[in-house]
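Presented below, as structure tokens, is a lone chain in the form predicted on its own.
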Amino acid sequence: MQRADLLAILKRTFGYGSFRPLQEEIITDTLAGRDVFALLPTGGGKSLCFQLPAIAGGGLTVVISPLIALMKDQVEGLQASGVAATFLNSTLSSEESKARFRGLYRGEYKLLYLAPERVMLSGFVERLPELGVRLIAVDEAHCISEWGHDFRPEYRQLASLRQTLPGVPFIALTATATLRVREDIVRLLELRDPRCYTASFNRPNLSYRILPKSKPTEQVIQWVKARPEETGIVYCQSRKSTEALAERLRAAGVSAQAYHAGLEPKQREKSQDNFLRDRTRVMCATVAFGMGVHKPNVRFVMHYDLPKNIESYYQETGRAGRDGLPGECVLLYSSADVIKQKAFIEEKSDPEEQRIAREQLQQMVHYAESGGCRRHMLLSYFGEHDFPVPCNGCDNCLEPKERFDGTVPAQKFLSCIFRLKQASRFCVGMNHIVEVLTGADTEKIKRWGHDQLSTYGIGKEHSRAEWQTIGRELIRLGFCSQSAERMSTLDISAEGMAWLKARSPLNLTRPTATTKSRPSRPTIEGDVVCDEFLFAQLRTLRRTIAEERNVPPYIIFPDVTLRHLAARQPSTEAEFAEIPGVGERKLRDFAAPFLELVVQWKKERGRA
């Protein structure tokens, strides 16, 4: 199929005039019958990579999707764009399932969404060859790997479809996967000489900020109330925290609900549905709320507690700004949260699991405490290093932390490690080093004779908290090495020893004082400047139409389309058709009421 034909389908069906990065290449390979692995970030347009081939290529595309809510969401979106799609899952009655099967046998559908366990049901696999299957799309493919963040054993059985449908190509898609997980996906799905595509993990429309955690509930309330029209997610560590925070937000006049695995399934479904339909503005949730939540207009994601690793943090922040408009990612950070996470790690029974978890937590702490570009740190974690700094989209680039001459403190800290190891012939932990530096009178110091060292009490000019911060920065700089054992200890690295001998100057980051969260918003990529009053009216109209059709508002149009409408203010159907996100079906179904509102608004202001 020619490029012009693909672009015509893209515009006619989805209302867009160009592809996002890598979409065209992936679609072309898929239509050519090749196996494909695609790693595209959240908001990068993964779904289109199998939806457009399904429309263009004929036959049936079977989409393996892990969540019922995700299936329903995507099918509703496709149907609103005029694409024949359906799903089969446990929410359907026997009669509904039979009716959809009849339609499948008659070739009425382009896409069929299924859960992995449904695909592998006895008797169902045997029916697939009769349905004219031309493509198998495995969404959220990281679920197949034990090293992924959401392992699901039933995904392991999907490779058997290669025997049932020997000539049918596979496309595996995910938004987050380390190299090890990517290799697992290709191997376990038995992809044949696949074309592998990995897009940049950079989300230029997202900003990143760390705030010192102090009275976190008040910080969240202040943040949310400073953004009265915006929807967001606040991730909490515990179920109890989600409920308490949601209650406090409601008391402050904010529509908020809690979501966690301890709720009854019907309550979870209702909470999620209210959030998707814009009836709830803030979802206070544990990590149970995540995969399958494809709400495009989440404008902020806050972390009330410290995530356990950078991969989880990236995945969770990625739920902001899926529509390409600006999104804000805020983490409330305190060293007390690090202690809590370490306690959770100690509950693991497998020593190797504990070791890996400690290393991952240490990386997360480095990210939170670093004075460097946060976007650069995230991208480096996923293997992307060629990125310009400053990024102008994180707190450290927009408001660089104050630096000070840390030469003497660093010399004292490293010398203390050296003297302790020299005297005792073993390494000690951060707390003990700080106690020696500040001249603490502890039983352990006396028993080991560490009060006789030359470094005992030489650091009284700094508080224990300040020495902890200095020590963690020296670890980040590579001057200290930290073991990943239960009682983690510090040692001087080769780089640290070389620096001590060279007596070079060293600047360190001054610890950030606890402040209230700032409601100011950075200017970052992705914004569509428009008349905010007209945009608000368009949102109201969209919600009315969505309620009539019993679908989430973004199924009608995403926010980015409404902002383009409010910016361009079309007066005719031809002008309306040029708005991004307006395909032929949506032009026919929705142009009239939206045009009427825009034209009336212009008349009232003498602009018609």
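Just count from 1 along the sequence shown to find any residue number. Everything numeric here is computed off the predicted structure, so don't read it as measured data.
Although not depicted, the form predicted in complex with a small molecule is the subject of the following passage.
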Would F594 show up as a contact with the small molecule in the model of the complex if we use heavy atoms at 4.5 Å? no
Test of understanding: in the model of the complex, would F19 fall inside 4.5 Å of the small molecule by heavy atoms? yes
Is G45 close enough to touch the small molecule in the model of the complex, meaning at least one heavy atom pair within 4.5 Å? yes
Using 4.5 Å between non-hydrogen atoms, is T13 touching the small molecule in the model of the complex? no
Looking at R277, R299, H294, R182, which is the one with a non-hydrogen atom within 4.5 Å of the small molecule in the model of the complex? H294
Among the candidates P66, P552, P570, P41, the residue which, in the model of the complex, approaches the small molecule to within 4.5 Å (heavy atoms): P41
Go through 536-544, 570-578, 46-54, 30-38 and give me the stretch that gets within 4.5 Å of the small molecule in the model of the complex, heavy atoms only. 46-54
